[in-house]
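There is one chain below, alone, in structure tokens, taken in the form predicted alone.
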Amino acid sequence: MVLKLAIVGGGPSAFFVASRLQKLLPTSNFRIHVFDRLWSPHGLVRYGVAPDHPEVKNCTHIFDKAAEDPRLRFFGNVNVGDSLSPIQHTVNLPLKSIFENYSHVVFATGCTLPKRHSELPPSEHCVSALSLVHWYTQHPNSPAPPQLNKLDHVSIIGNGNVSLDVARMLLTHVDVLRKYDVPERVLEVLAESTVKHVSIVGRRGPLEAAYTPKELREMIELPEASMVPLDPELLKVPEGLKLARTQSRAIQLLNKGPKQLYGTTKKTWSLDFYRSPTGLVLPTAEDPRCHLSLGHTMVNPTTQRAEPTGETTVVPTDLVVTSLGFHGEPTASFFDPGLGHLRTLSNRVITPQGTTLRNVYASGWASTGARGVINSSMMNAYDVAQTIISDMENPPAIEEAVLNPEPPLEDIPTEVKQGIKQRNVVQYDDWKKIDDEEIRRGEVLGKERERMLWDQAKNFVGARA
């Protein structure tokens, strides 16, 4: 049976699926084509990992090795699907073209949109954490830079790792960040920042907080920012309650307290537990600050859900940042609005009518929703690869066929051929040249790398063609 696989999405999950198939199928008689809307590969590793966490990006050597295999090709700056790309310069590839040119497809498109809070409509005064992450990683979505030179107080809603990443970027001295993978244009904005306090708001307590001990420790050890002391009562563990290891470590860190004594630093931060937004009053001519209403909450011991107590606090702030998780794109094929991602059963994509599509799969966050870390995406991807092989050996009985069972092995879609000819599609060899040049430019500046924008990358590759 022919295996000509299209993987839609070029992040960690995609490359883990590809590398696993390469290992499990030593034959040369298959091809894997990876398509990504972004012009560069590696998805969240490039555009989601905090710049001061370079060790998390070490997995890219696995992706590079997979791309060295002649059975794999990467096509960046290609938007697969029937809806318009939010990135204007992409080459559009209809799903019909994928179905005509491939025998198998894996959707590894992730969850690319931020969840919103019903009481906090987006505005220039209320933005998603994702928009800030995209700004400081120079994502092709090109969000506008925040006006940090006009802010004193920032409120982050949600206390997961992304919240702490954003807080750390705002509170770390720009000279510390210069050595990392932070673009010069971002450093310029951070250098003008007047942010003095970051409040991290969570609707439940310390035992239920979503951050990991590692991220919490990094906040506590910030050299130029101190933490507002917590009420010791908040850190008392209910008698008889057995804590998970991560909970125990987090409580120990909070009991130990911050490296810098509160009141000795110009910048501060706080963990505001048992608070949930109930509204936001925007600035007026008379009052230039926002006013964030926070309902007080308590955790129901039976359901473990946050419930309102009836009390409310109003906090003056300059910017509200929502960090409440992510969901898939509602316009994507096979998206399930109830789940917030693609509907799958045992890694296989299911239609709204409940039919299994033959040889159509999903992996990573596209399948599971936005949870877990890179290692969990790897394990899921390995399982998807095994499902593909199992289905080749023992095809499931009841399915709907949408793909071409015998496509020409070497052909690529006409739209992609045209995009390559017009130098609008980035292949992996192109990416490696860009990668090397970004690192070289970074060395000149004494940093990890200096990133290119799309036009710069396109011109750079074109000049060396």
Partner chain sequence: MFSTARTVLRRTVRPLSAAASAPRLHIANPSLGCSRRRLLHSSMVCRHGGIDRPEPGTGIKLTFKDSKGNDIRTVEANEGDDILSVAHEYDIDLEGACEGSVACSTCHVILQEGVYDRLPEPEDDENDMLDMAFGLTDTSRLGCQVKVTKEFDGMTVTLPAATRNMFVDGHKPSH
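Positions refer to the first chain, counted from 1. Note that the coordinates shown come from a computational prediction; the quantities given were computed from them, not determined experimentally.
Below, we refer to the form predicted together with the partner chain, which is not included among the displayed structures.
With the partner chain omitted here, the record of contacts in the model of the complex names 384 to 392 of 384 to 392, 103 to 111, 272 to 280, 119 to 127, defined by a heavy atom within 4.5 Å. Out of the listed residues Lys96, His173, Lys236, Lys214, Lys214 is the one that sits within 4.5 Å of the partner chain in the model of the complex by at least one heavy atom. Listed residues Arg305, Lys259, His89, His291 were compared with the partner chain in the model of the complex; Arg305 is the one with a heavy atom within 4.5 Å. The candidate spot formed by Glu55, Leu339 and Ile374 lies fully in contact with the partner chain in the model of the complex, as each residue has a heavy atom within 4.5 Å of it.
A residue is said to contact a partner when one of its heavy atoms sits within 4.5 Å of a partner heavy atom; Ala401 fails this definition for the partner chain in the model of the complex, lying far away. For the chain shown alone, Phe335 is not a contact residue for the partner chain in the model of the complex, no non-hydrogen atom being within 4.5 angstroms. The closest heavy atom approach of Arg423 to the partner chain in the model of the complex falls outside 4.5 Å. At a distance threshold of 4.5 angstroms between non-hydrogen atoms, Arg204 is in contact with the partner chain in the model of the complex. Taking the partner chain as positioned in the model of the complex, the residues of 220 to 250 that bring a heavy atom within 4.5 Å of it are, in sequence order, Arg245, Thr246, Arg249.
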